[in-house]
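Given as structure tokens, the chain that follows is alone and in the form predicted alone.
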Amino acid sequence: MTLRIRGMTKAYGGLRVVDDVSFEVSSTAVTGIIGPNGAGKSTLFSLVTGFLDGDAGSVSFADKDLSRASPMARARAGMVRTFQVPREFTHLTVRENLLTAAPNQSGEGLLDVFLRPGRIRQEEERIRAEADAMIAFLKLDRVADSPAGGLSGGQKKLVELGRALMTGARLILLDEPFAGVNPVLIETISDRVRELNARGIGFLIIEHDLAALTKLASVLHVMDRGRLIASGAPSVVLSDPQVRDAYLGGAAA
């Protein structure tokens, strides 16, 4: 499965915050997007996942045109994003946060509640088992029954990753997964991404922590002032003089 972004453009007034951006992301890869603050990275994520309408351009995933699809339809197609600031259900437990993300639950239909209670019970048991397995995989066992609003920043990032996985996503877009996260949890998140990628789930990651990102990503795309200025292997991209001038202020990577 491949995500194809073609000519993506978004302007506010006369300022193009995303300017004719095109690239592809394979669901077998971990791909990174870097760039200085204000480069347009998060806006691009919102355009790709349908949280913003673009002025021009197209988005397709797994050969399905999603350019006019809602965020929910894009998620159902297998492409799900997380946010730089986690959006957990603060008063629900970690387990309950994961349970809410399971799609197409029969218990959401009023008729099924009355006509198929046995089916709903079996489905709930299956989904709970999936959530418990996800909690163990993400190493959140100790906080599984704690309100998600009381977790650390890194734990909340793991909860968001878990919710994305509970939807059945095949490509996950992570917006600064390491921001505000301690080094131990950065390693935990990185290890989970590697393992999930080995299982065939792709990742597109925005991140300012270059050291952590370059250990994960096989391809980097660099944005500056809304435009894509470089793409390629991390070692090649970070040695590009244009990238160092725009992103690293001319300093050595």
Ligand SMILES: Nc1ncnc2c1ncn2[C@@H]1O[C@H](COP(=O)(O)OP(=O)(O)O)[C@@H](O)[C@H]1O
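Because the structure is a prediction, the values reported are computed rather than measured. Throughout, we count residues from 1 along the sequence that is shown.
One more form of this protein, predicted in complex with this ligand, exists but is not displayed; see below.
J.: Within a 4.5 Å heavy atom cut-off, is G50 in contact with this ligand in the model of the complex?
T.: Judged by the heavy-atom cut-off of 4.5 Å, G50 is well away from this ligand in the model of the complex.
J.: Taking heavy atoms and a 4.5 Å cut-off, does T43 contact this ligand in the model of the complex?
T.: Looking in the model of the complex, residue contacts with this ligand include T43, since a heavy atom lies within 4.5 Å.
J.: Classify Q84 as contacting or not contacting this ligand in the model of the complex by the rule of any non-hydrogen atom within 4.5 angstroms, answering yes or no.
T.: Contact check for Q84: yes, within 4.5 Å of this ligand in the model of the complex.
J.: Is G57 close enough to this ligand in the model of the complex to count, meaning some heavy atom within 4.5 Å?
T.: Residue-level check for G57: no, no contact with this ligand.
J.: The chain here is shown without this ligand. Which stretch in 33-41, 213-221, 182-190, 66-74 comes within 4.5 angstroms of it in the model of the complex, by heavy atom distance?
T.: Going through the listed ranges, the match is 33-41.
J.: For a quick check, can you give me the residues of 1-26 that have a heavy atom within 4.5 Å of this ligand in the model of the complex?
T.: Read in sequence order, the residues that approach this ligand (within 4.5 Å, in the model of the complex) are Y12, V17.
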